[in-house]
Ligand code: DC
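Below you'll find only one chain, the form predicted on its own, shown as structure tokens.
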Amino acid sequence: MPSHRIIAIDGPAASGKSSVALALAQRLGFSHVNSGAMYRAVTWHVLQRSVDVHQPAAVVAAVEQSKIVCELVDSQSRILINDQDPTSHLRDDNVNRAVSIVSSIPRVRQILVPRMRECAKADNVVMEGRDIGSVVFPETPFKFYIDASPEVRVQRRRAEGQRDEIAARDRADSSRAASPLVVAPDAEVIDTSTLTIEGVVNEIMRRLKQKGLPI
């Protein structure tokens, strides 16, 4: 069980959850953990090793044979794989194309989820992802699902210079057998389509106070 408070921020690609989670963590003085970056780091690693991501057994073998370290540095999560920091490659086009495939492999998720939970033993955290409230920390009372219209999400991705196929990501994330993207039954849903980051953070802060979080 975690020894610190956890705020779970889930949502689909380009919903704004990363910006919101980071701003919220800074407002609260919590550490920010991006679980998606962990899956992207592993995806980058297997691609670097020329592993066919469509061969789950080969992907699992590459991940199991690697030293994966997740840590908090200056209130931010960082993942090292075999002592390499892949941060600058997490948004590469090949990683964008393959991350949903790699993250859908059950064994890969089994390897990474315990590392996510370790972060909450070191500090209070705002953790973002797609299954934080439903799988990683289902016991936390502080769960939020950040969403936006498909049109807004596509515009945001383009503004970032990214070429994710939003509809394809949604289908892959929602239909995978292992820890699919869902709205946890007790999660608070916030539509960010017409809100600024500050506006979303203010709304979450208001609801956290209602839930009894000392702020």
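All values reported here derive from a predicted model rather than from experimental measurement. The first residue of the shown sequence is 1; numbering continues from there.
The form predicted in complex with this ligand is left out here; the points below concern that form.
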Which of 185-193, 172-180, 55-63, 24-32 has heavy atoms within 4.5 Å of this ligand in the predicted complex?
172-180
How about S103 - does it come within 4.5 Å of this ligand in the predicted complex, if we only consider non-hydrogen atoms?
yes
Any of the heavy atoms of R97 lying within 4.5 Å of this ligand in the predicted complex?
no
Can any non-hydrogen atom of H45 be found within 4.5 angstroms of this ligand in the predicted complex?
no
Using 4.5 Å between non-hydrogen atoms, is R78 touching this ligand in the predicted complex?
no
Answer yes or no: in the predicted complex, does this ligand come within 4.5 Å of a heavy atom in every one of Y39, R91 and D131?
yes
